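Only one chain is given next, in structure tokens, and it is the form predicted alone.
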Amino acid sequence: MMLWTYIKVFLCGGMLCLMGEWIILKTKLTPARILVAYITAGVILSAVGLYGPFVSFAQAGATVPLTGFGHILAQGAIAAVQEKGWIGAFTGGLTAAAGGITAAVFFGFLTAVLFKPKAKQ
């Protein structure tokens, strides 16, 4: 059973990454715009109730890619609106994603301190 979970995670997450790579290769969109599109797609799919079942099926294959970040932002905003009213639309997403954002900033800083950056040539 655990092997099937790993296979699902690998295939679902890999498909999301493959789609992003295909968009990079076949369009003139910059990687930054594609990343924003992935986050926006995660928010929209979550808001209409489609991303939650995908997360239940794919687990980390759906939550680790940037669409998962959009999903957690949407879920946080929805929960905060139900609890605090309209102001929750502005605070809920950040509260829900604070752990991931904090980890990204911390590990990015740690990497910058430990390794010497090199300019691209």
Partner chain sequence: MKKQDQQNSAKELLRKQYARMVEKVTPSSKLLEGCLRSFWVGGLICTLGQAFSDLGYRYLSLNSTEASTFGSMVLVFITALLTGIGIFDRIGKYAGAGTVVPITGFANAMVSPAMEYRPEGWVLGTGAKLFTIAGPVLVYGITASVAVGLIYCLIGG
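Numbering follows the first chain given and starts at 1. All of these numbers come straight from a predicted model, not from anything done at the bench.
This protein has a second form, the form predicted in complex with its partner chain, left out of what is shown; the following refers to that one.
Taking non-hydrogen atoms only, Trp4 never approaches its partner chain to within 4.5 angstroms in the predicted bound form. Taking the partner from the other structure, its partner chain in the predicted bound form has no heavy atom within 4.5 Å of any heavy atom of Leu50. In the predicted bound form, its partner chain lies within 4.5 Å of some heavy atom of Gln82. Looking at Phe54, you'd find every heavy atom of it more than 4.5 angstroms from its partner chain in the predicted bound form. In the predicted bound form, the residues of 1-16 lying within 4.5 Å of its partner chain by at least one heavy atom are, in order, Met2, Thr5, Tyr6, Val9, Phe10, Leu11, Gly13, Gly14, Met15, Leu16.
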